[in-house]
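Same chain, two forms, each on its own as structure tokens: structure 1, then structure 2.
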Structure 1
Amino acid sequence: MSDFAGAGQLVRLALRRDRLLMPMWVAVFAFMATVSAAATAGMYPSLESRVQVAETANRSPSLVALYGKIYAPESLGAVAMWKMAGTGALMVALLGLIVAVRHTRAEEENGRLELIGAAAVGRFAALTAALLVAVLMNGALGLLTAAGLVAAGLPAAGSLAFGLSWAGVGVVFAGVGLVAAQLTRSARLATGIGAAVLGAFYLLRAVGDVQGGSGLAALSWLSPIGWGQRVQAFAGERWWVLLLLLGLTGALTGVAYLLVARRDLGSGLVPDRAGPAVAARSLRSPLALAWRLQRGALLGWSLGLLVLGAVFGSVASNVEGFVDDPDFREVIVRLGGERTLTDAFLTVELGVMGVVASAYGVQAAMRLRAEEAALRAEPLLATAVTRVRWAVGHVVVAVAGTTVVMAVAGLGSGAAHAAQVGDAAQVGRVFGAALAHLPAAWVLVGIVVLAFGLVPRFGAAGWAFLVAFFLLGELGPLLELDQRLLDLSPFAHTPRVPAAEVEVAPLLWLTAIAAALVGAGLVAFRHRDVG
């Protein structure tokens, strides 16, 4: 048992470190679920209206891919929590992953774990503490969410099932994070590996759900994200599915313990290779350094979006076949846009990929603050490099990288779709539509740069804005918020291509806003203290 000594202390340390962040996230999720439940109840008071919207959603492949299915059209809870079960679970999973890596590999990488390891602390203590923290957090998140749903007037059993399904997905991905944290020396890379796994499971669920009755439907059962939805809260709860989530968490944790027992503190499973003794000729500018530091992440994001795009693209043309009722067709076309069902589907999926590309831009631009806080900007700024030139290096990588990521997503979608329908012209068309999502993503990069220049301590503000804009788009219409509030989100101004016609004006002024934000951020950075 001495291997576990000190775990309790470490749990308290972790809770102390996250005493603001963790309750805040738990509250945000519970609040989101509660608001969503209350608003839906108000929006569809009658059984008929609920059934109608649920059946429309279930027959719309783009919505099924994005959010999953509604398992009981007549159940208020199932309809109300449908989107939350899909995208909400994705964010809970991401939170679990980040918390797990934050309290294991990140601590190990920056050397703090060594300080702790020298005290009377067992070798499993850090891992155990991170696991306990993740379980505590997700437990609280699940129960608070359930309580919120009950308060919003939903049945207790379903509310509990829903809360626990979120918590279950959260701990599974905490488990994924714990394993990833053992594989590599870099916390950043560990989070990246975890995010790739999350993306793959989301994709499995999306493809499985869209395929409906065919054999591929079983794919959803290979994904813990799919399990979360198959608990079927408010639709005849299947409690045993929660056991699958717990079992997988247990298995992943077991693997993490096995791995941690087999490696040294500070090392990963993959040993470090020696680097070059002399720098390449090209490594001679802040931009070259920024590229060198960020190219690995860009490659990872690009691959991820290529796969995501290709999968969505290859599904797109099948969409038409799912809807045979001409009346329904018309409803969906009207909901999604003015052209075909396929285009409506592509439009929604490109929007999702636009948000993902924005996330890439946010994390790439946040490198500025990360480098500064780690005191790695200081030696560079002591050379003949101005602050602006140093900062522009990372900004260029963030802006150009966002462009690359979105272009790759568009190419993947376009090529896969073109291959399905046998029309090469679709490649260019979908690619062009993907590029329309760039200006909104650049605005987020601009927000991060401005925050970096003005209030460097709030480095995570970029994420807060991304989440807020995303939620405005998701929940805003449901809550019948004022249009002026919805218009605050840059995503709201991206033309809905290829379903609708391209509008150039919003793209131009979004780009201008992004440029102004970056410029203001750089000016502010020029005038503040560094360090």
Structure 2
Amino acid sequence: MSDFAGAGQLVRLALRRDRLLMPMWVAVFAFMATVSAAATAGMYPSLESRVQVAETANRSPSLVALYGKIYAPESLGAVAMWKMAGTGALMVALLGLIVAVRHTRAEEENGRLELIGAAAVGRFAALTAALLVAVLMNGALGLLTAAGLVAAGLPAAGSLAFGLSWAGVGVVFAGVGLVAAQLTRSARLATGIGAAVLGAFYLLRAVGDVQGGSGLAALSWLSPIGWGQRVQAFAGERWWVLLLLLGLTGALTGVAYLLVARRDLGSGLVPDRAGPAVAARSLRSPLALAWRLQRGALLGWSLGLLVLGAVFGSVASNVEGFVDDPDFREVIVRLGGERTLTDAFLTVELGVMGVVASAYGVQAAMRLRAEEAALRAEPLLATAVTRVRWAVGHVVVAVAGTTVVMAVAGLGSGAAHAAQVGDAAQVGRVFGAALAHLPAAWVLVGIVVLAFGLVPRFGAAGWAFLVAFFLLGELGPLLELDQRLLDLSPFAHTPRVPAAEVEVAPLLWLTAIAAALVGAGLVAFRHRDVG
């Protein structure tokens, strides 16, 4: 039997399992790029406005570190896809990483790959299937994105180059995921390793771009995210850079094949550390166990939000001089609030960090289903631990962790902004504004808990709601959607602080809704079968 036997069947199985999730993510990314292109064309209709915003952005180290450079200030496409080439590529890379780990290490961890391996399936079949699925997904994403940009009025060559750069970055980090999946027995840890590599590459790109003409500028050429931007879509396309992405994908895939041949099914190349025979007293409760399982993820998210908040805070102090275009100012103020442009910008960016903190809350709450599906909940529930007590431990970690993540983001943003303007009072002001985004994030946690209690296999619906609410908030005002539709998002009811006065009533209503959702989910969990 060939080592690749059964790979085709596993590809079909993976596509069937992800028949809803994968098309949704591909469509969301392509839609975001298309709408961004269309909206920018209206914001910067003249050559002068595009050159002004590009030159100002390229002079700001914080913006260059966050998004990268605009290589052709006179090009509408280069200006329109500036943010998408930076943060958009980061999200595409994360998606490729998650898909690769999901169809390799996660399948081993939950035991499905062992059952499949008992049939006529070769040793390399699962790895090959995961690679092919990642290539198909990213290829579809690249082509659909290119088609959307052409439909938005951008040049075809640049649109294709941009779509392929996204696809190339996605498959590279799918290769990173395939390698990480061979190192550890845990899918969660494999994803964490891949995310750390992603963060390191993003940092290399940021440092290289900020350093400009110095010797450190070469650092951006050590990052596949930097390669994606150096394709220079809409700015004199460099098609040969795509070969670098393809070559690195091939190298990573080759390493993954070598590693999978040198380990046993279900094991990782890095051995697990043996734990103590008897648990410490601090670990003898469901809440303590939930904290022990999730403390690493909380630390990672907190550090990430701290850095992101510091970058946003430093940018805010310079936003007044970002562009003199009154249309641009009108859009920022409309999104952010009624006071100064700086406050409006802070409001918008705190809203973005609120969505990111909500993503942590969704992930932490989904640990309930992960523990149940892995059959680790049943041994605990067979003891004197009740269902509600076990579930409440993870809910408390999700709610408290979301609070910590958002508080750290607010402190980072407030401290950076205060340092820029020389006013220590800004720390508390921005910190308080950040905390106003917590009730909306708690609603997302409540939705996940409710789905876990009612229909546990739909626990991933939390991600769908998060994406839907994010798109309503980001694109709704630009598309002038009906206010009743916008009000479906909990983020729409968060007070626009610091650009407006705090309204307590919406915060209390959101908190009450979150509590009701959590309560209903816990009651439903008590009355359904476990597993």
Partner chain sequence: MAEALALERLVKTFGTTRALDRLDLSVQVGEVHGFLGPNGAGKTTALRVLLGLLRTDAGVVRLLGGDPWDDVVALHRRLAYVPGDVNLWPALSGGEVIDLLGRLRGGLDRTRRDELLERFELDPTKKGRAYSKGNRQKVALIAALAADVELYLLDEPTSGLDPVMEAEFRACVQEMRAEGRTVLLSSHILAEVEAVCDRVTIIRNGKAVETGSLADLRHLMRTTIAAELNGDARGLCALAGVHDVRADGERVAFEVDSEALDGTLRALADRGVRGLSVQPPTLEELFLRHYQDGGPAAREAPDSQTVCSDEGGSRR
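So that the term is clear: the rigid core is the largest set of C-alpha atoms that superpose within 1.5 Å between two forms. As the structure is a prediction and not an experimental result, all values here were calculated from the model. Structure 1 provides the reference sequence; residues are numbered from 1 along it.
The form predicted in complex with the partner chain is represented by structure 1; structure 2 is the other form.
Split into two rigid parts for the change between the two structures, the chain puts residue 282 and residue 265 in opposite parts.
The two rigid parts differ in orientation between the two structures, with the smaller turned by 21° against the larger. On a core-based overlay, residue 400 has a Cα shift of 5.4 Å between the two structures. Relative to the superposed rigid core, residue 492 shifts its CA by 9.8 Å between the two structures.
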